[in-house]
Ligand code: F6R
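One chain is shown next in structure tokens, namely the form predicted on its own.
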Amino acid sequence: MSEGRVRVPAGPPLDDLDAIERLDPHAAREVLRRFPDQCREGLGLHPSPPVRLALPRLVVVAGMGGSAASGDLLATCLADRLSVPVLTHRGYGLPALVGPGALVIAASYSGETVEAVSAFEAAVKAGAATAAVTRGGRLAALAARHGAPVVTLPPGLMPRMALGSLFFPLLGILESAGLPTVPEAEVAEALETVAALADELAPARPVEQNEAKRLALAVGDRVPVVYGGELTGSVAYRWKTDVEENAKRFAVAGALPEMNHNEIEAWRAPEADRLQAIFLRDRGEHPDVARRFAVVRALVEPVAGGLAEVWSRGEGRLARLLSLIYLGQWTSYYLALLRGVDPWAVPLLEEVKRRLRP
């Protein structure tokens, strides 16, 4: 990783385990540390009743926030294998192209996400096949009423920290529908990759040996601007939302080559000095995308407050994507500690839900 200038903002040293424990009263660090175990357990979560479908012409994962992220990961890691489109739908209802022959998977960790419930109801009305991935709540009750398969998730997690539980059951659902998924060898590699990272990125590993801590320190009090390529663009968005929920601060996400056609013009002094560019690189990226990253770096680095490049790990798509997502989760966690905020609690998000409650 190349971090540029490193500024250490006010806050506890990231190697002070007592300070970390005080700032993290809900032990979000333990949830993050157990992410490899959560992925393994997610592989063992199956829908009840079993999925029995003909080959669908379209797959839609409907959800919001951390639940919708499972759909993004599914679409990206299977884009080179699936001959049918996988769409992530964030919002009420469903697009008009959903109908008989489509499979709609409503994902809501809590089961109370009104948009996911609305999408499930729209899928039933449109005659699409349905399934639900949830801990319970209204979504589970609705699925049971219609006899739809339900994957029941374990309790005690925040949706943004439940990606292993939310994503891995989707592979089984697609396989049951006759669609190709991630081969077992690639799943095993992904699990090994995140298990290694769990040790490397945890609080007990000091700054000089911990890429996530160094990234958080490099960002400091700047606004992180995270860019991915064609494969990692959705991961950049995941970094943005993790920073926003965990560290309670603004972040920006984008992707190459699209940002070359618009956003590149915004990288000008003096505003750019308040920004920290983070490039999510992948050794499988298109050669032209690699060239674009080099050009963007040459243009951005002289005016940016800092610039860092991080690289995916592993050979298979799933390992490469999960390794970058996991690094982003830990980086946002350490940014929360540097700001002195609880990375678990989301009081404004909960207040929005409270005010919208009927």
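Quick caveat, the model's predicted, so the values are computed rather than measured. Start at 1 and count along the sequence shown; that's the residue number.
Missing here is the form predicted in complex with fructose -6-phosphate; even so, the following discussion is about that form.
Of the heavy atoms in residue 128, none are within 4.5 Å of fructose -6-phosphate in the predicted bound form. Fructose -6-phosphate is not shown here, and in the predicted bound form it never comes within 4.5 Å of any heavy atom of residue 181. Fructose -6-phosphate in the predicted bound form is not approached by residue 17, whose heavy atoms all lie more than 4.5 angstroms from it.
Although the partner is absent here, residue 88 lies well away from fructose -6-phosphate in the predicted bound form, with no heavy atom inside 4.5 Å.
Between the options 113, 234, 193, 276, the residue in contact with fructose -6-phosphate in the predicted bound form by a heavy atom within 4.5 angstroms is 113. Screening 56, 65, 47, 316 for any heavy atom within 4.5 Å of fructose -6-phosphate in the predicted bound form leaves a single hit, 65.
Only one of 218-226, 157-165, 182-190, 94-102 places residue heavy atoms within 4.5 angstroms of fructose -6-phosphate in the predicted bound form, namely 157-165.
Using a 4.5 angstroms heavy atom cutoff to fructose -6-phosphate in the predicted bound form, none of 41, 198 and 323 count as contacting. Residues from 239-255 that approach fructose -6-phosphate in the predicted bound form with a non-hydrogen atom within 4.5 Å are limited to 245.
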